[in-house]
Structures are given as C-alpha cells and as structure tokens.
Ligand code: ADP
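Here's a solo chain for you in structure tokens, the form predicted on its own.
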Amino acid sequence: MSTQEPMIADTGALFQIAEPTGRQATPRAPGRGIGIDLGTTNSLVAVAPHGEAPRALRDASGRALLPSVVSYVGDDVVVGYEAMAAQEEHSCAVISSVKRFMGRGIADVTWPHPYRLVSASGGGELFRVDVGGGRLVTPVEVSAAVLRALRERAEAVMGPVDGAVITVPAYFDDAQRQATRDAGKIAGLKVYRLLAEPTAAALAYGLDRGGRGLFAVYDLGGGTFDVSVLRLHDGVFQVLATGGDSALGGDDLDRALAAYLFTAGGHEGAPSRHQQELLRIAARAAKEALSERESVRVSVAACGIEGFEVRRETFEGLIDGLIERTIRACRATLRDAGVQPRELDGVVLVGGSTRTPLVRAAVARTFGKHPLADIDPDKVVAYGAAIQADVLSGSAREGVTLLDVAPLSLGIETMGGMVEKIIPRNAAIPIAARQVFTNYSEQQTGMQIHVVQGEREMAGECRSLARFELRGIPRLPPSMARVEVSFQLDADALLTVTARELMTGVRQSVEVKPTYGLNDEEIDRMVIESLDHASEDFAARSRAEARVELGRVVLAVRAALAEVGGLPGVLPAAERSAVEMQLTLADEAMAEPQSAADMLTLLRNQLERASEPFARRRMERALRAGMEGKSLHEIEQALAVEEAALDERRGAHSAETIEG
C-alpha cells in the first residue's frame, strides 16, 4: 500500500510565464467563419466576411433572433419560433433557457423549472431531461440543436461554413465552457474558439468606432450577468478584470414578476409546472412591454388571471434587489481592475434585459455616465464574434488582438492542504506557467497532482478540478529530484496540466474536462469568501506551512539518528536525550490540529538548536571521509556543488506526493 510523502517546490523558478505553443493549424477558408451568440433566451448568427462590417443573418421571415427553444414533441426536433408555439401545451417536452443547465450537476439546479431531470446512469452528478416517450436528452444535445439550426441558416446564405466563434459568459467555468465546445462539435461546427461575451461586445464597439480608452461592459442576458473592464488601444483589447453572476439574468426578472402574478391571481402555494411555464411566458412579454410603456395588462387563463394591470413602478419594485446584485458585482470588478468610475471612457450595454429602464438608470448612476447602446444590445455580441471568426478564418482584416483573462485562480494542492497558485485570477490568456517541485524524502518515487480552482488559501475551500499521478521519480536525497508542473490555459480558458521529472524525462498530463459545473453561486462565493476570510485563510496557511517545516526537520533528524546516532563520539547521551525530548514535544504539537504557527515555529527552532552540534559533527565526519585521497581542487569543487544544492533548497514550499 502506498504511503504519502511530501515534496518541496524549488522557488528558484517560481513563476515563469511563456506564450503557449499553438496547435498545428489546419487550412481554413478565408471569410467563411461565423460568429454565434448562443443566448439563454435568443441566439443569432452573424458574419463579417473579408473585413466587411458585421451583419446578422436572418431566416426566411426576415428575423435575426432565433429563440433558444427546442421542442421534442413527436419524432422531429424543432427549434425556434415553431418550438415556442408548442410550449404552452407541452411544457415538459419543450426546453428553453438550457444555457443555465450547461455544465452543471443535478444538485446544482435549484431554480424553478417545469422539466423532469433524471440522473445519468453511473452517478448523480450528470443528468438528462425526460421529454416524454421514453426519450432523454442532455443539455449539451439541446444546445447543439440550437447551434445546428444557426449553422444551417448560415449555410443557406453563404454555403459551407469553415468554422465558428461561439460566445460564452465571462464567468463560465471550465465545465460550462467545455460543454459549450462539445455542443458545437455535435452541431457539426469546427469551433475556432470560445469568446467571452463582454470581450466580443468590446470588439464590435472598438472596430465600429476606432475606439481607444477604458470601457466597462455590462451584460445582462437571459440567464447570466457579466461585467468586464477592458482597455482598447490600437487593435488590442485587454480585459483588466471580469466579474458577474452565472445564475442571474432576465429569466430571474421574469420569475419575480410571474410569482407576483400568481399571488395577485389569488393563489396560494406553488404553481404547477404547466402554470409556471405559462406565467413565465406572460411575465416575459409584460417585461418587454414595460420597457416602452408605463403599464400593461396581463391574462393567464390557466391561473385565473384576466386583464390584470401591472405598472412599471410595481415591476421595478419586484426586481430592484436583483438589479442591485448586478451593481455590487460592478463595484467589485472596478476594484479588481484598480479603476474608478470617472476614469472610464464609456459603458457598453449588452443583452436584451438592458432595455429595462431601471437597469439603464442603475448603470448610469453607478458609472456616472450615460451607457452606450447604439449597437443593438441583442446583436452586439454576435457582431464581435463574427469579426473574430473572420480574423481566425484567415481573412485580410486589420490585425486584432484579444487579451482575455482567467476568471478564477488555478493551482495545485500542496503539503498541509495549502494551495500553490500557478495561474492567478485575472491573468491574461492564453498563458502557460510552470513551477518546479523537489522531493522531501529519498524514499518517494511518485507524486500526486491535485488541480484546484479558487481564491482561498486552503485546498479544501477551493473547487477540485482533477487529480493524476506521476510515477517513476528516481530515489534521490531530499531536495535533489526535480518535478516540473506546467499549466497551460488556452484562449478558451480550457486547462491542460503536465508534470515532468526533469532527470528521467518521465511525464504525465491531463486535459482538465470536468463533467459538471459550479453551482449557482459558487464562483461568486469563491471570490467573495477569499476577501471575507482572508485573515483566517492566511492564519490557516501559516499553521500549515509551520507544520510542514517542523515535520521536515523532524524527519531529517530522525533519519540522521537512525544512520549515525549510535556511533561513538557523534552524539553523546546528554545530547541525544535533549534531541529526543524536542522530538517528543514536536510530535505532540503536530498531533494537535490547531497548534499555533508561532508554537510550531518555536519548536522547530528549538529542535534545530538542540540537534545543531550533532549535525555539525555528522557533517565533519562525512567531509573527512569524503576528502580522503582527494586533491584540494577536487575538494573545492565538491564544496561548491554542495553549496549550490543548499541554495536551491532554501525557502521552498511543499506538495503532496505518493510513494510509487
């Protein structure tokens, strides 16, 4: 049975950043790339071939927007307006707002919905939707149906499509991004890249205006909210910080109004699934009407509501708390970017829900300026995606560089349960970073890599992404082995982790593809709790570091005692007694989980002082044995090598490993 041993990080090459090597590109057809805004409520496809201005592609009826609704009534799969027409009668077999389900586990779905969710065989994390007739579909399949309809629309206009840029919320995690990429593949699309929605909007505005300066993008879509701060300069779009809420959007505004309507209709308890869907449809129509009018009358026969008047101020009172959540995220993102509202050159509105007057007023008040909305907020994201798709297809368009950021820090668990962050939050991507670890004991021949995502100092408070093992580390004295751990985060924020032993070249890598996503508020919780718990996190980290360092000294002293402690003249009885007493005190302190860092450090210092004469005599003995029969030059070279090795080992961190 394997035992776990610690390893130590070589801080000599703590954080080296290099541009990752690009994958071998396949030939692309210039001008045949498309941009897709895969939205919660509506989706659309746009093109900007050969440097032209972007335009949305329309269906045979002249409509640019495609409702993100898929019907599984009967044998055929129907998407869009025709699917919406079947919603009232077949609410369980017609799926809408599927974007909120992407990359999530069944336990994460806590919001009201009319669907029957079924755990996938083999585990309770993945799930399918039971649409009747014995048919089960995954959220990825539903999204793929929407993407396929958009691909077919594009092909009807421009012929074969070479590839696509698909937009995702900036706050989508690895699982949600991977689910979106998989949906694109199922839909028959070559996915050039995934592009953050705020970055796409900035790209559209920047090229349209020849813009330079500092901008905020406020994106309130159907199912998600994002806010980003970007710097635009000479074709370079750099995301300085991003924030938001992956479980807040126009759907929540609709639900707030739907709940009010149900209560106003004289009902108690909870509506049925069928009533939920009818109320949601009526609430969405009322919300859209209230963007232009002061009042609207609503009728939902199945709920006994007939001609009920809803005034704008009533609706605003219902959603005020939700809009305030978006404003708090805006303030936090500005702090992350180190930017004051007065420094911004503009605020861009994205998403259909930004047509709500209360939203526009809150944005203007928070940022101190009237927001930009002269590009249709429903289309601006697709326009940016189309521009980027044209660039990636190889068209002769003026060069554009997108510097997106990682939404959360990425690192590995180290000895003591600490996190060594290798790629920090808001680092520009694509990015590659590496760190070198070394061995703690000469007995270990393997290392377990635990990849985590989050802002807390302890791994238990972060999200686990992947685990894998590296075996074949040679048996070497402590701090002599070298294991390089590399993180590569590509332009889609998808992660590959590689561990390589530098002496033998043995390596192991994993593409981090989690099977389900964070729950509704976990990303926000990670960031907020990293601030709320900063002092206790650092205290816990200090305790863990002190415990690891004390354990390292205890292990080294015990190994030395076992090796030469019994030889005459090396360790007198009185010294041995003092050393063993300090070892006992160290063991007792390490057995207590809440031992203070100061106490552990004090015990380490006392143990080092008690064992110092012994260590000095042991070293002198080893040197005398090593110098026998050698010249002065050979001795000087050996001492130089030993000093260099000692320098490398100073100030190191530790990582969890396994013995092979």
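All residue numbers refer to positions in the sequence shown, first residue = 1. Remember, it's a predicted structure, so these values are computed and weren't measured experimentally.
Not on display, but discussed next: the form predicted together with ligand ADP.
In the model of the complex, does residue 71 come within 4.5 Å of ligand ADP, counting heavy atoms only?
No, residue 71 sits far enough from ligand ADP in the model of the complex that none of its heavy atoms falls within 4.5 Å.
Does any part of residue 246 reach within 4.5 Å of ligand ADP in the model of the complex? Heavy atoms only, please.
It does not: once ligand ADP is placed as it appears in the model of the complex, residue 246 has no heavy atom within 4.5 Å of it.
Under a 4.5 Å heavy atom criterion, is residue 291 part of the interface with ligand ADP in the model of the complex?
Because a heavy atom of residue 291 falls inside 4.5 Å of ligand ADP in the model of the complex, the answer is yes.
How about residue 33: is it within 4.5 Å of ligand ADP in the model of the complex, going by heavy atoms?
It does not: once ligand ADP is placed as it appears in the model of the complex, residue 33 has no heavy atom within 4.5 Å of it.
Among 446-454, 365-373, 281-289, 136-144, which stretch has residues whose heavy atoms lie within 4.5 Å of ligand ADP in the model of the complex?
That would be stretch 281-289.
Using a 4.5 Å heavy atom cut-off, which residue among 114, 80, 222, 551 comes into contact with ligand ADP in the model of the complex?
Of the listed residues, the single hit is 222.
Among 352, 271, 163, 105, which has any heavy atom within 4.5 Å of ligand ADP in the model of the complex?
By the 4.5 Å criterion, the partner-contacting residue is 352.
Using the arrangement in the model of the complex, list in sequence order the residues of 240-262 with any heavy atom within 4.5 angstroms of ligand ADP.
The stretch touches the partner through 250, 251.
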